[in-house]
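Only one chain is shown below, in structure tokens, and it's the form predicted alone.
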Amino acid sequence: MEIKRIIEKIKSDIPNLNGIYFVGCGASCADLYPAKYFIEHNSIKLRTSLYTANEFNYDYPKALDKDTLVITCSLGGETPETVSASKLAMEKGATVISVTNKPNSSLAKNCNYLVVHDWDGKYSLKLDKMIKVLQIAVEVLNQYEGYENYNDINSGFDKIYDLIDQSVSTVVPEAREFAEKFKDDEVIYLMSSGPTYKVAYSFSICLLMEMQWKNSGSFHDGEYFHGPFEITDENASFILLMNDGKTRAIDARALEFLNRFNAKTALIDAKDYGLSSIIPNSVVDYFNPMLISAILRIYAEELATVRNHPLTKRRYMWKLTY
């Protein structure tokens, strides 16, 4: 069922929606963040939060009830913690929308509504999950409260896929240079702000720690000057994800300090790929995570190549009971 129609049906059943919670694990949890950020920064009435699934299972919010909407997300639809979270939310009377690439998965069978996202093929399709969850959030806000930039953000949804594919087609030389320069670093730190904050987190824990077995950490640019900047020198390695939008000044302040002390820095700037040239300024913030995630994917692939360590290589995941 089309997302707009799903939210219309939910509104007819839940006229007094009081909250929307986002639940997932790892990269899927991070993919939910732009939607959570959107609700948090635009809704007047709706409470919202983002949960890693097992925390939701062990310590769910007291407000979870029949007037609550829960969005659960898992690429393959078999993440046990997320499936359990879906079941728990429905047991508490909440309405659950599950977002997955597998329509016959366990997650797909344990929800009130199902949204199937793409994955294989073009690089833009690897961001379809993040985009579809944001579309759900936009529809919820618009139908329950109204959203003045509704037409602008839908225009962005129409254009972002092509921009992603166009951008990744040009970025291999920079990504290869990054890989050669950073391949032997013991630790790589990720930094960003705004809706892109969890992209930094996801790249750190999934692409670097999980898929490359490389030590990493991530933090918000706004927190950089409240502790992390003390390790900054020419021996420290950073990837800074720079937004086009309201929080750009926060990113710029961090970049200035990194350059001041000659830190080894890879900069991925959404402006370099023309984001605001095709996305209205009123909503450009919310499309940074998709574009930057796609660019980062190329960086990860090039790093895997020069290190002779495929992104699919694992020691524990899928091999052990844990």
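The numbering used is simple: start at 1 and walk along the sequence shown. Since this is a predicted model, take the numbers as computed values, not measurements.
Another form, the form predicted in complex with another copy of the chain, is not on view; read the next lines as being about it.
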Practice item. Could you tell me which of 123-131, 97-105, 76-84, 150-158 sits within 4.5 Å of another copy of the chain in the model of the complex, going by non-hydrogen atoms? Key: 76-84
Review point. With a 4.5 Å heavy atom cut-off, would you call Ile14 a contact of another copy of the chain in the model of the complex?
Key: no
Review point. Heavy atom to heavy atom, is Leu311 within 4.5 Å of another copy of the chain in the model of the complex?
Key: no
Review point. Should Ser167 be counted as a contact of another copy of the chain in the model of the complex, where contact means heavy atoms within 4.5 Å?
Key: no
Review point. Taking heavy atoms only, is Pro173 within 4.5 angstroms of another copy of the chain in the model of the complex?
Key: no
**Study point:** Complete contact of Ile3, Glu8 and Leu163 with another copy of the chain in the model of the complex (any heavy atom, 4.5 Å)
**Key:** no
Check your understanding: Using a 4.5 Å cut on heavy atoms, which of Met90, Ala179, Met209, Leu114 is close to another copy of the chain in the model of the complex?
Key -> Met209
**Study point:** Val284, Leu69, Ala294, Cys29 - the one with a heavy atom within 4.5 Å of another copy of the chain in the model of the complex
**Key:** Cys29
Revision key, fill the gap. Applying a 4.5 angstroms cut-off on non-hydrogen atoms, the residues of 289-322 near another copy of the chain in the model of the complex are Arg314, Arg315, Tyr316, Met317, Leu320, Thr321, Tyr322
